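Presented as structure tokens, the chain that follows is alone, the form predicted alone.
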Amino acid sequence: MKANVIESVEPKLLPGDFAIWIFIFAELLVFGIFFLIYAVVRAQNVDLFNQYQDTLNREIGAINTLLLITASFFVVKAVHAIREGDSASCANWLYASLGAGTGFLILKSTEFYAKFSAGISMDTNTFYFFYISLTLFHYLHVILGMIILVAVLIKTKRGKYAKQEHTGVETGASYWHMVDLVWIILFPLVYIIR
């Protein structure tokens, strides 16, 4: 009679591939420096920042926050599904996440269009320099995050991930959560805090 051997699996410190975490930490450092500079410049121009902050559409910003949080929830569900070996559900959750991300991009594009159509640019004033540069930089990260999720989705649909090997799904999810985290800081910093 053979004794049942329970394999001990060493838990990973971070989900996904370690290389993505180096990239994520570098990105967070860049955003952190940008946020710090924003805070210092804002402290020196409080009236200007308060005045032009009132021209931003907080409702769209709040909806975008909900869209990104929802997209992150869907990504968590996708990771959970693939850990359970359910690649079909994983793919469906990734589709849902991409849908929420697309909603964010559409709403943010309408914001940019409204500002640019009104003749507002990064040269308009210090507030708009930071508003446009910070939100556009984040917007590009959302696009990159969606490209990563599409790549993960394609590999999921092709059966490349399973219960035993799903590092790629965790890697894509980790990057997406970084994009979400940055917006959760950026939205109140630029749109709300006075």
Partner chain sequence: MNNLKNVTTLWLVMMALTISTYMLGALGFSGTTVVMLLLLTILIKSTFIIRDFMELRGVSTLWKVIMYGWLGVVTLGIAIAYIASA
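Positions refer to the first chain, counted from 1. Bear in mind that the values here come from a model prediction, so they are computed numbers and not experimental data.
The form predicted in complex with its partner chain exists for this protein as well; it is not shown, and the discussion that follows is about that form.
Residue-level contacts in the predicted bound form: of Ala162, Val150, Leu28, Leu144, one residue has a heavy atom within 4.5 Å of its partner chain, and it is Leu28. Comment: its partner chain is not present in this chain, but in the predicted bound form one of Thr65, Thr126, Thr55, Ser133 has a heavy atom within 4.5 Å of it, namely Thr65.
Its partner chain is not drawn, but in the predicted bound form it has a heavy atom within 4.5 Å of Ile69. Mapping the unseen interface onto this chain, Phe23 falls outside it, with no heavy atom inside 4.5 Å of its partner chain in the predicted bound form. Contact annotation for His138: none of its heavy atoms lies within 4.5 Å of its partner chain in the predicted bound form. When its partner chain is considered in the predicted bound form, Thr171 lies well away from it, no heavy atom lying within 4.5 Å. Proximity to its partner chain in the predicted bound form holds for all of Phe35, Ile185 and Leu189, with the criterion being a heavy atom within 4.5 Å.
Contacts of stretch 35-53 with its partner chain in the predicted bound form, defined by any heavy atom lying within 4.5 Å, are made by Phe35, Leu36, Ala39, Val40, Arg42, Ala43, Val46, listed in sequence order.
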